[in-house]
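Next comes just one chain, in C-alpha coordinates: the form predicted on its own.
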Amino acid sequence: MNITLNGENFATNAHCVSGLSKEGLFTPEWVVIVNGFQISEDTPIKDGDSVFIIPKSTLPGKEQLEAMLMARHTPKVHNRVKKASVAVMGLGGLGSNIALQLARTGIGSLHLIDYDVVESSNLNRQQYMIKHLGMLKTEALKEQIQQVNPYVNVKTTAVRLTEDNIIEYIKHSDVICEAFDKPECKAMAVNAVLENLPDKYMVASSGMAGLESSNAITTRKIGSHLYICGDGVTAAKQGCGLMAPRVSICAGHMANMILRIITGNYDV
(Lines give C-alpha, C1' and ligand atoms only; values in the text may rest on other atoms or scores of the structure.)
Protein backbone atom coordinates (compact mmCIF):
# COMPACT_ATOMS: atom_id res chain seq x y z
CA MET A 1 0.00 0.00 0.00
CA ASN A 2 1.00 3.64 -0.37
CA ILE A 3 1.14 6.16 2.46
CA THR A 4 2.72 9.56 3.01
CA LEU A 5 5.69 9.20 5.36
CA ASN A 6 7.30 12.39 6.68
CA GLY A 7 5.67 14.35 3.86
CA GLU A 8 6.77 12.05 1.00
CA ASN A 9 5.08 9.21 -0.90
CA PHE A 10 6.09 5.84 0.53
CA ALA A 11 5.22 2.26 -0.49
CA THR A 12 5.05 -0.24 2.38
CA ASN A 13 3.73 -3.63 3.37
CA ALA A 14 3.53 -2.60 7.03
CA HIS A 15 0.13 -2.66 8.69
CA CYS A 16 1.05 -0.67 11.82
CA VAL A 17 3.41 2.15 12.74
CA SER A 18 6.00 -0.16 14.29
CA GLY A 19 6.31 -1.95 10.94
CA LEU A 20 7.81 1.23 9.47
CA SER A 21 10.82 0.88 11.76
CA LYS A 22 13.83 -1.25 10.80
CA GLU A 23 13.71 -2.74 14.29
CA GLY A 24 9.98 -3.35 14.09
CA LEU A 25 9.47 -1.63 17.45
CA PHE A 26 7.37 1.30 18.60
CA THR A 27 9.50 3.58 20.76
CA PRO A 28 8.61 6.51 23.04
CA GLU A 29 11.65 8.31 21.60
CA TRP A 30 9.60 9.10 18.49
CA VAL A 31 7.12 11.85 17.78
CA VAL A 32 4.50 9.96 15.79
CA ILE A 33 1.59 11.73 14.08
CA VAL A 34 -1.00 9.69 12.17
CA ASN A 35 -3.52 11.64 10.09
CA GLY A 36 -2.92 14.80 12.12
CA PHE A 37 -3.18 13.14 15.55
CA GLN A 38 -0.16 12.44 17.76
CA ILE A 39 -0.21 8.87 19.07
CA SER A 40 1.51 7.32 22.09
CA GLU A 41 1.19 3.62 21.21
CA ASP A 42 1.46 1.41 18.15
CA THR A 43 -1.42 2.08 15.75
CA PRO A 44 -2.70 0.35 12.58
CA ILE A 45 -2.14 2.16 9.28
CA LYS A 46 -3.96 1.82 5.97
CA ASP A 47 -3.56 2.88 2.38
CA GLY A 48 -3.52 6.67 1.96
CA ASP A 49 -2.64 7.47 5.59
CA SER A 50 -0.30 10.32 6.52
CA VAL A 51 2.39 9.34 9.03
CA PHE A 52 5.18 11.35 10.57
CA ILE A 53 7.94 9.70 12.59
CA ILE A 54 10.52 12.16 13.91
CA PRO A 55 12.97 11.57 16.80
CA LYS A 56 11.96 13.82 19.71
CA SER A 57 15.38 15.45 19.91
CA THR A 58 15.61 16.22 16.17
CA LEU A 59 14.67 19.43 14.38
CA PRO A 60 12.88 18.48 11.14
CA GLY A 61 13.88 20.16 7.90
CA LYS A 62 11.75 23.01 6.59
CA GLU A 63 9.62 20.79 4.34
CA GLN A 64 9.10 18.20 7.08
CA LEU A 65 8.18 20.83 9.67
CA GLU A 66 5.72 22.50 7.31
CA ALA A 67 4.20 19.13 6.47
CA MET A 68 3.85 18.31 10.19
CA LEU A 69 2.16 21.66 10.83
CA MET A 70 -0.10 21.09 7.86
CA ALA A 71 -1.07 17.70 9.27
CA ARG A 72 -2.00 19.27 12.62
CA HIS A 73 -3.71 22.40 11.22
CA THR A 74 -5.33 20.96 8.05
CA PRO A 75 -3.88 21.84 4.60
CA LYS A 76 -6.08 24.81 3.66
CA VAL A 77 -5.39 26.56 6.96
CA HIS A 78 -1.65 26.06 6.86
CA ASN A 79 -1.28 27.08 3.22
CA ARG A 80 -2.93 30.42 3.95
CA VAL A 81 -1.03 31.02 7.18
CA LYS A 82 2.42 30.39 5.70
CA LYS A 83 1.75 32.93 2.92
CA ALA A 84 0.60 35.68 5.31
CA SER A 85 2.53 38.60 6.77
CA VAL A 86 1.71 40.31 10.07
CA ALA A 87 3.11 43.50 11.59
CA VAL A 88 3.21 43.53 15.41
CA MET A 89 3.56 47.02 16.89
CA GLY A 90 4.75 46.85 20.49
CA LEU A 91 6.57 43.81 21.84
CA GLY A 92 5.56 43.82 25.51
CA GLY A 93 3.23 41.38 27.24
CA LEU A 94 0.79 41.36 24.34
CA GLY A 95 3.11 41.65 21.36
CA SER A 96 5.72 39.14 22.52
CA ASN A 97 3.02 36.53 23.23
CA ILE A 98 1.19 37.22 19.97
CA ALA A 99 4.34 36.95 17.86
CA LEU A 100 5.37 33.64 19.41
CA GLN A 101 1.88 32.17 19.02
CA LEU A 102 1.84 33.15 15.35
CA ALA A 103 5.32 31.67 14.88
CA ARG A 104 4.13 28.39 16.39
CA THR A 105 1.30 28.26 13.85
CA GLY A 106 3.77 28.63 10.96
CA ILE A 107 3.06 32.23 9.96
CA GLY A 108 5.03 33.17 6.86
CA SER A 109 6.39 36.58 7.85
CA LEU A 110 6.46 38.70 10.99
CA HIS A 111 7.45 42.36 11.19
CA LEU A 112 8.40 43.14 14.81
CA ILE A 113 8.35 46.84 15.70
CA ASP A 114 9.49 48.28 19.05
CA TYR A 115 12.20 50.75 20.06
CA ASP A 116 12.60 49.60 23.68
CA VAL A 117 15.01 47.24 25.44
CA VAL A 118 14.22 44.34 27.78
CA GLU A 119 14.28 45.33 31.46
CA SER A 120 13.74 43.37 34.64
CA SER A 121 10.19 44.67 35.19
CA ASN A 122 9.19 43.04 31.88
CA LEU A 123 9.83 39.50 33.11
CA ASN A 124 6.51 39.22 34.99
CA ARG A 125 4.44 38.95 31.78
CA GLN A 126 6.58 39.25 28.64
CA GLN A 127 8.21 36.43 26.67
CA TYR A 128 11.78 37.30 27.59
CA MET A 129 14.40 35.75 29.83
CA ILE A 130 17.09 37.05 32.14
CA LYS A 131 19.68 36.57 29.39
CA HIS A 132 17.77 39.12 27.27
CA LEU A 133 18.09 42.01 29.76
CA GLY A 134 19.43 45.07 27.98
CA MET A 135 18.78 43.67 24.49
CA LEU A 136 16.48 45.39 22.04
CA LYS A 137 13.10 43.71 22.30
CA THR A 138 13.08 43.23 18.54
CA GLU A 139 16.29 41.20 18.64
CA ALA A 140 15.41 39.30 21.82
CA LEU A 141 12.04 38.25 20.42
CA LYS A 142 13.55 37.32 17.06
CA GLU A 143 15.91 35.02 18.96
CA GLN A 144 12.97 33.46 20.81
CA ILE A 145 11.09 32.90 17.55
CA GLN A 146 14.10 31.25 15.93
CA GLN A 147 14.17 28.79 18.83
CA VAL A 148 10.51 27.93 18.17
CA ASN A 149 10.30 28.04 14.36
CA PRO A 150 13.51 29.01 12.53
CA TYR A 151 11.69 29.07 9.19
CA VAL A 152 9.55 32.14 9.92
CA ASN A 153 10.72 35.20 8.00
CA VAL A 154 11.30 37.80 10.76
CA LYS A 155 11.91 41.47 10.02
CA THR A 156 12.77 43.81 12.89
CA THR A 157 12.44 47.57 13.18
CA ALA A 158 13.74 49.29 16.33
CA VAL A 159 12.05 52.67 16.01
CA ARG A 160 9.46 54.72 17.88
CA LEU A 161 6.33 54.86 15.74
CA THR A 162 4.69 58.26 15.27
CA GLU A 163 1.93 59.74 13.15
CA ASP A 164 4.59 60.74 10.63
CA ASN A 165 6.27 57.36 10.10
CA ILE A 166 3.85 54.60 11.11
CA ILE A 167 2.24 54.02 7.71
CA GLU A 168 5.56 53.60 5.96
CA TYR A 169 6.53 50.76 8.30
CA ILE A 170 3.28 48.78 8.31
CA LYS A 171 1.72 49.31 4.89
CA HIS A 172 3.16 46.14 3.33
CA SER A 173 1.80 43.69 5.94
CA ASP A 174 -1.42 41.76 5.37
CA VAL A 175 -2.67 42.21 8.95
CA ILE A 176 -1.65 44.90 11.45
CA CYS A 177 -1.56 44.23 15.19
CA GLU A 178 -1.56 47.03 17.77
CA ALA A 179 -0.01 45.88 21.05
CA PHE A 180 1.06 49.10 22.75
CA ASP A 181 0.86 49.80 26.49
CA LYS A 182 -0.05 53.49 26.41
CA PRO A 183 -3.60 54.60 25.42
CA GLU A 184 -2.30 57.52 23.36
CA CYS A 185 -0.11 55.18 21.30
CA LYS A 186 -3.05 52.83 20.77
CA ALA A 187 -5.26 55.67 19.58
CA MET A 188 -2.56 57.02 17.28
CA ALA A 189 -2.03 53.62 15.63
CA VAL A 190 -5.73 52.83 15.17
CA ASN A 191 -6.53 56.27 13.78
CA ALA A 192 -3.58 56.17 11.40
CA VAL A 193 -4.60 52.81 9.96
CA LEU A 194 -8.29 53.67 9.65
CA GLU A 195 -7.49 56.95 7.89
CA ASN A 196 -4.64 55.86 5.63
CA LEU A 197 -5.04 52.10 5.16
CA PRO A 198 -8.82 51.54 5.28
CA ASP A 199 -8.61 48.22 3.42
CA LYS A 200 -6.13 46.71 5.88
CA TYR A 201 -7.38 44.48 8.69
CA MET A 202 -6.28 45.54 12.15
CA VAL A 203 -6.44 43.83 15.53
CA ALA A 204 -6.07 46.11 18.57
CA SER A 205 -6.42 45.84 22.36
CA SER A 206 -8.15 47.56 25.24
CA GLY A 207 -8.40 46.44 28.88
CA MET A 208 -6.55 43.41 30.29
CA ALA A 209 -5.09 44.56 33.62
CA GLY A 210 -5.65 43.16 37.09
CA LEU A 211 -7.36 39.98 38.23
CA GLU A 212 -10.85 40.48 36.86
CA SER A 213 -12.69 37.58 35.24
CA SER A 214 -10.99 35.91 32.30
CA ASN A 215 -14.40 35.68 30.66
CA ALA A 216 -14.66 39.47 30.50
CA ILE A 217 -11.97 39.51 27.81
CA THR A 218 -13.66 39.25 24.44
CA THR A 219 -13.09 40.01 20.77
CA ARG A 220 -15.31 42.71 19.29
CA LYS A 221 -15.68 43.77 15.68
CA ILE A 222 -15.68 47.55 15.29
CA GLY A 223 -16.58 48.52 11.75
CA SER A 224 -15.55 46.39 8.79
CA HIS A 225 -11.80 45.98 9.30
CA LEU A 226 -11.07 46.64 12.99
CA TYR A 227 -11.21 44.16 15.89
CA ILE A 228 -10.57 45.05 19.53
CA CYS A 229 -9.68 42.44 22.16
CA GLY A 230 -9.90 42.90 25.92
CA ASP A 231 -12.56 43.88 28.44
CA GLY A 232 -12.54 47.47 27.17
CA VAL A 233 -12.39 48.85 30.71
CA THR A 234 -9.59 47.63 32.97
CA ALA A 235 -6.50 49.74 32.39
CA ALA A 236 -3.25 49.45 34.32
CA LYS A 237 -3.00 51.90 37.23
CA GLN A 238 -1.85 52.03 40.84
CA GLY A 239 -3.25 48.98 42.60
CA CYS A 240 -4.16 47.30 39.30
CA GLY A 241 -1.12 46.06 37.43
CA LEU A 242 -0.51 43.97 34.35
CA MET A 243 -0.11 40.27 35.13
CA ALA A 244 0.88 37.37 32.92
CA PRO A 245 -2.35 35.29 32.96
CA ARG A 246 -4.82 37.97 31.89
CA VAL A 247 -2.40 39.62 29.46
CA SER A 248 -1.70 36.28 27.81
CA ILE A 249 -5.45 35.56 27.55
CA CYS A 250 -5.91 38.81 25.65
CA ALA A 251 -2.86 38.01 23.50
CA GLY A 252 -4.45 34.67 22.68
CA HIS A 253 -7.64 36.42 21.57
CA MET A 254 -5.60 38.70 19.34
CA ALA A 255 -3.47 35.97 17.78
CA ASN A 256 -6.58 33.87 17.16
CA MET A 257 -8.39 36.78 15.52
CA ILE A 258 -5.38 37.41 13.28
CA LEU A 259 -5.48 33.77 12.18
CA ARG A 260 -9.24 34.00 11.62
CA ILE A 261 -8.70 37.00 9.34
CA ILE A 262 -5.93 35.24 7.44
CA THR A 263 -8.13 32.18 6.87
CA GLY A 264 -11.21 34.19 5.91
CA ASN A 265 -13.21 33.89 9.15
CA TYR A 266 -13.81 37.60 9.60
CA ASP A 267 -16.92 37.57 11.76
CA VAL A 268 -16.70 37.19 15.54
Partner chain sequence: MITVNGKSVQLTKCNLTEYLKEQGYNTQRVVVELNGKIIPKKEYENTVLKEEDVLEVLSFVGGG
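Note that the structure is predicted; figures quoted are calculated from it, not measured. Numbering follows the first chain given and starts at 1.
Another form, the form predicted together with its partner chain, is not on view; read the next lines as being about it.
When contacts are defined as a non-hydrogen atom within 4.5 Å, all of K186, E195 and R220 contact its partner chain in the model of the complex.
Its partner chain in the model of the complex comes within 4.5 Å of no heavy atom belonging to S50.
Shown alone here, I45 lies farther than 4.5 Å from its partner chain in the model of the complex, counting heavy atoms only.
Within this chain, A235 lines the site of its partner chain in the model of the complex, having a heavy atom no more than 4.5 Å away. In the model of the complex, at least one heavy atom of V190 sits within 4.5 Å of its partner chain. Note that among 80-88, 140-148, 177-185, 110-118, the stretch whose heavy atoms approach its partner chain to within 4.5 Å in the model of the complex is 177-185. Of the residues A67, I39, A216, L226, just one reaches its partner chain in the model of the complex with a heavy atom at 4.5 Å or closer; this is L226.
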